[in-house]
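As structure tokens, one chain now follows by itself in the form predicted on its own.
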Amino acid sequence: MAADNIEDPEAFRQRARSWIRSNLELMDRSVLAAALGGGASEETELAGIRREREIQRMFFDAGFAGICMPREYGGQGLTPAHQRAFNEELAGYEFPHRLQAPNFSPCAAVILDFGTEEQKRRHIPAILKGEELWMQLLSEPGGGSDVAAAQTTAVRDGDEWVLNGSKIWTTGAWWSDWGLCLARTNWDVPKHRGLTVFIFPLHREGVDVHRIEMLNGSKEFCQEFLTDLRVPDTDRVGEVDEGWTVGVRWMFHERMLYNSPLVTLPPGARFTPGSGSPADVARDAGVLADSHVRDLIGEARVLDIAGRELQQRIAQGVRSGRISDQGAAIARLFGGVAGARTRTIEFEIAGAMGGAWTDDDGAAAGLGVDFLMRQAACIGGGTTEMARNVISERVLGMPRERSSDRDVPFREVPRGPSAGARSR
């Protein structure tokens, strides 16, 4: 579409507003909080996923799916300004929140960046229609945040690859369809140089998905066991042994999640538990008039505003080239620290209700569990420790952290017995 034929963002906003109010229900924040915080039954959650697939298809049919994605793959070919307008008009209404991360970013984004033409035409339209839900298979049980130390192996066998290993902390894998997986294809080069990315269906022979129960009762995190999983070479993303090139961009998209032009996320909505704001907590705890509590509410509000403005500034800087794409780690760091602090503020405001509560306590209920889970904001999506390293080394240009495995063939890097056996 020629630039002069693109619909004006304000006209687009008006059209989106009319469609949203005519076709979507108001969002029940308690339902969203239960889904994110482990308070929903499996049956309820699967019903929610079905509804979100339906909403995503409604978006597609109405011309609101893939607003910034290329038209040749089913998107609208519009601008981030159009996506922001849609996000703003969507505030307060139901939307497919579990279909956004990592489905659209980073998974769909990585396919757009590195996938073959056949892969893009096969998968991007299906993602936009809600027919395919994707998960990223990065973390491993023994790898922590060192993604490049992946030990899940992929060995070539003719026109196929045979994968063996395990991935972990995959949110929602039990109800998803496809996985984007980083695997080791070469043990005789330094760790960053021997990786390759593959895609495959999650529910097939050779893939066992196990759910992990968290402290808050959520079973969204999963561990996947890959046993002689055969993947055709046509489902390889990027070049052989060049997976780290894909991975760097992959992690950029992950860090930019909240301000990605590929993600539909109304203002104020986050992929974190909690059924209300700190002000709601103070109201339901009966302490809204307390001056100290009001100071805490103000602090949380400032963190929220600063975080949104920071995300937008970095996104604009990256798009214009004024900021390196590694600058996304700045927003990731702030988001993690601010998220943990906000959970702490809510817990402090709740007072005694933070330790014991009933369902009648409204927004103050369950905050003790949220407080205990607060550090998840600094772990999921890449740890804040790794973000600090990226900022210091790749944004500020400080000396690299010393490492004993740099320029050493990965086969020679000391590992535990099970990993060593796997490498042979």
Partner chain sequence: MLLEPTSDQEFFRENTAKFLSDQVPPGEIRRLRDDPDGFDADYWRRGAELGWTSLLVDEAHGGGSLSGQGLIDLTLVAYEFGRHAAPGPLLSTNVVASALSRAGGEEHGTVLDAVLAGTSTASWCFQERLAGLTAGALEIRVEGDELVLSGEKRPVEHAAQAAHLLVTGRSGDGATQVLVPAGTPGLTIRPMHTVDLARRFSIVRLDAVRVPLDAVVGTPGQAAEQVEHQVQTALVILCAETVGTMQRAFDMTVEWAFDRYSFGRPLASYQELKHRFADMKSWLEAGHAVADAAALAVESRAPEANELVSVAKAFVGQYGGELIQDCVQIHGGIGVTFDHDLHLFLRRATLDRALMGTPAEHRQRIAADLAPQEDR
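Here the structure is a predicted model, which is why all the values come from computation and not from measurement. Positions refer to the first chain, counted from 1.
In what follows, reference is made to the form predicted in complex with its partner chain, a form of this protein that is not presented.
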item: Which of 128 to 136, 244 to 252, 303 to 311, 178 to 186 lines the interface with its partner chain in the predicted complex (heavy atom within 4.5 Å); value: 303 to 311
item: Close approach of Ala62 to its partner chain in the predicted complex, 4.5 Å, heavy atom; value: no
item: Proximity of Leu288 to its partner chain in the predicted complex, heavy atoms at 4.5 Å; value: yes
item: Met398, heavy atom within 4.5 angstroms of its partner chain in the predicted complex; value: yes
item: Touches its partner chain in the predicted complex: Tyr73 (any heavy atom, 4.5 Å); value: no
item: Of Ile330, Leu112, Ala149, Val209, the one that lies within 4.5 Å of its partner chain in the predicted complex (heavy atoms); value: Ile330
item: Among the candidates Val240, Ile297, Leu202, Ala81, the residue which, in the predicted complex, approaches its partner chain to within 4.5 Å (heavy atoms); value: Ile297
item: Sequence-ordered list of residues in 318 to 343 near its partner chain in the predicted complex, where near means a heavy atom within 4.5 Å; value: Ser320, Arg322, Ile323, Ile330, Leu333, Phe334
